[in-house]
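We begin with a single chain expressed as structure tokens, specifically the form predicted on its own.
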């Protein structure tokens, strides 16, 4: 499984730091949806699903968390702990977000609007899709 991250350019001076993310320049898709999670209860795992077509970039803009990615053949865990790094998830990848620090804010940039039909929420159904090449 190829793991792709983006290192966003940090702009800063004595006043502080800023990261700007531009559609089709810094990430390879047009952002149609942005959401973020915070105050995640200790020990809780978020996500637990895959998407059929949706592309996402996950950025932990504060604190840290871990992302389990599973393509049906291998698994990898990536820790996000730098607000200038984005994790690109594309294709049929099962994802679980876990081990959130108390102050974690995880932002997700998505390539399309919310569409329940694009979700695979059952791991066995995910594996059937992987095996059939859907």
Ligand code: TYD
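For clarity, every value in this text was computed on a predicted model and none was experimentally measured. Positions refer to the first chain, counted from 1.
This protein has a second form, the form predicted together with thymidine-5'-diphosphate, left out of what is shown; the following refers to that one.
For the residues 27, 78, 93, 37, the 4.5 Å heavy atom test against thymidine-5'-diphosphate in the model of the complex is passed only by 37. When thymidine-5'-diphosphate is considered in the model of the complex, residue 72 lies well away from it, no heavy atom lying within 4.5 Å. Among residues of the shown chain, residue 46 is one whose heavy atoms approach thymidine-5'-diphosphate to within 4.5 Å in the model of the complex. At least one heavy atom of residue 97 is located within 4.5 Å of thymidine-5'-diphosphate in the model of the complex. Using a 4.5 angstroms threshold between heavy atoms, residue 119 counts as touching thymidine-5'-diphosphate in the model of the complex.
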